[in-house]
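What follows is one chain in structure tokens, specifically the form predicted alone.
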Amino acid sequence: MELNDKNILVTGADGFIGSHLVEALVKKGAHVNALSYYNSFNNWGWLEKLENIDCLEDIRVIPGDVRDGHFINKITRGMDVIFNLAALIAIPYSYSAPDSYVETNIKGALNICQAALESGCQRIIQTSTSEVYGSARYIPMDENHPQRPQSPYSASKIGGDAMALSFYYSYELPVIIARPFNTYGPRQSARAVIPAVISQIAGGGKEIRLGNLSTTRDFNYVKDIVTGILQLAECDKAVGETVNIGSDTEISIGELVETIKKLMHSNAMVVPEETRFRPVNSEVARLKCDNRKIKELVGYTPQYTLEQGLAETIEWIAKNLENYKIKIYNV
């Protein structure tokens, strides 16, 4: 399936990955409808920061809420493809507000699939997360790795993925589960470790307040993740499949911090901050992607090294520090 000239709905379009996906779809020549979480300020999130795209001309921004089934049913009419990125994502906040995660991440996925089924949508891409696997039981982690809900967030994403796949098996809805590993880049919020480190250094801090430094992650630049999502959306053989998107590499948070410090010429000291640590049994100790499946399906190869992606991220955050509350822990 080619995406150019298709009517496409992106939920969570106002978020980090969603806003980058919107940009890429516009460049492909798609007719993009961008669902932005409704608020009385009429703020469109990161869509406000898009470069070379006019939100009033190049895309159609739709304020609303994925939790409202009637609303979703209305806006999906006439859509050829739906990318569902609408989600609550912050793991620490899920400890405090798990019901919100069920409503958005599971009920939201249900609303999308039900509406897509009724409207005859040709393809639905449900965006997952490597957090559904929990701590690695073997490395690298392929799509058959056991799932372990080590936080209410990851439990809700497991539920959302399962709901989407149930529509594939029950109703032959053309669903693809795209499962990115850890994503970073411009526009990511400071609740994530990379922008947390960069913003604290860029703000002139001599101390970097962080949590656990021993965990490892498979970090991927956002443009690579978007490329993978788009390639899967266009791949007929991916329908009904769950597919990892990652680099097949890993780095500890401690090593990552030293890499960022080197790129930013910083000698700031890391200071552990207890509020940034996850509960012991909730901490995911290790993640490393087995990306053989996406390579076999679409020939996916990441184009950015960690250092290249970090350099672009550092430059963007340094120019946009007003978006970061540096002295406050972003849950």
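Residue numbers run from 1 along the displayed sequence. What you are looking at is a predicted structure, and each value in this text was computed from that prediction instead of being measured.
The next section is about a form of this same protein that is not shown, the form predicted together with a small molecule.
- Shown alone here, I17 lies within 4.5 Å of the small molecule in the predicted bound form, counting heavy atoms only.
- In the predicted bound form, the small molecule sits within 4.5 Å of a heavy atom belonging to T127.
- Mapping the unseen interface onto this chain, A190 falls outside it, with no heavy atom inside 4.5 Å of the small molecule in the predicted bound form.
- Contact check for L256: every heavy atom lies farther than 4.5 Å from the small molecule in the predicted bound form.
- Residue in contact with the small molecule in the predicted bound form (any heavy atom within 4.5 Å), chosen from S199, T183, N244, S94: T183.
- The listed set A238, C113, V226, A87 contains one residue whose heavy atoms approach the small molecule in the predicted bound form to within 4.5 Å, identified as A87.
- Heavy atoms within 4.5 Å of the small molecule in the predicted bound form map, among the stretches 301 to 309, 59 to 67, 267 to 275, 288 to 296, onto 59 to 67 alone.
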